[in-house]
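Next up: a single chain in structure tokens, the form predicted on its own.
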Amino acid sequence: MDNIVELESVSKSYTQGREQMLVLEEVDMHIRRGEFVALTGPSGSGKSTLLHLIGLLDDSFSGTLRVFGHGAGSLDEGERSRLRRDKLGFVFQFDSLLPEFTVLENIDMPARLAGRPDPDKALALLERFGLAEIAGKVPMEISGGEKQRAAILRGLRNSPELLIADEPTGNLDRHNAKIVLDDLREIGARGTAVLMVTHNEEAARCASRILRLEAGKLSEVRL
């Protein structure tokens, strides 16, 4: 399988007062097309920093980072923005759905912002995941689990090659968390890679591969 993300000896530090704080230290990592990877580790271990680098939201690092065949260190902001729009999808712990828009409009929003609105494609996503009945509702009219599933579909709207999910089940009960994890597994099976950050060991075991980040060092967990 092709690697769509490759990190070689990637390090990242921040200046705090007069000190340099090393957050990532010589990280080597890859993500293959269609792979479901879970990233675990204690709070403050650098997980969000790593997501920001892979998601092309931060361009300050040392080492080599290639995303979709492009060296991230050589991309200008326009190129980074284009790759984020066309190749990456993002899902966060809080759904961040826009309250004044319907679920259908929320899901179509990434395409609308890219100048390619197509509600029929958004509806097709809802139908594929069994959520067509909530298309015309606004976020306050649906459950927490439905909101998070809608947020995942919004992340998929522009047909990304990689979906980055930061604690997507963190605010859900066990039943709804299982549904969301099943969705993520199906997404991977259809060819979109998933990188999920989670503190939940049970959720991590749903992935095809588990990585652990601790004190800036990355290691693979045997399943």
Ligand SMILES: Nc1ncnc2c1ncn2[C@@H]1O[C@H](COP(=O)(O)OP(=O)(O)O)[C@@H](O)[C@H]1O
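Each residue number is its position in the shown sequence, starting from 1. Here the structure is a predicted model, which is why all the values come from computation and not from measurement.
What follows is about the form predicted in complex with the ligand, which we do not show.
- prompt: Of the residues 158, 192, 176, 48, which one places a heavy atom within 4.5 Å of the ligand in the predicted complex?
  reply: It is 48.
task: Would you check, heavy atoms only and a 4.5 Å threshold, whether residue 170 touches the ligand in the predicted complex?
output: It does not: once the ligand is placed as it appears in the predicted complex, residue 170 has no heavy atom within 4.5 Å of it.
- request: Decide whether residue 23 counts as a contact residue for the ligand in the predicted complex under a heavy atom distance cut-off of 4.5 Å.
  value: Residue-level check for residue 23: yes, a contact with the ligand.
message: Does any part of residue 60 reach within 4.5 Å of the ligand in the predicted complex? Heavy atoms only, please.
response: Flag for residue 60 set to no.
query: Hey, of 150-158, 36-44, 178-186, 63-71, which bit sits against the ligand in the predicted complex at 4.5 Å between non-hydrogen atoms?
result: Heavy-atom contact with the partner occurs in 36-44.
Residues in 56-83 close to the ligand in the predicted complex, defined by a heavy atom within 4.5 Å, in order: Result: empty, none.
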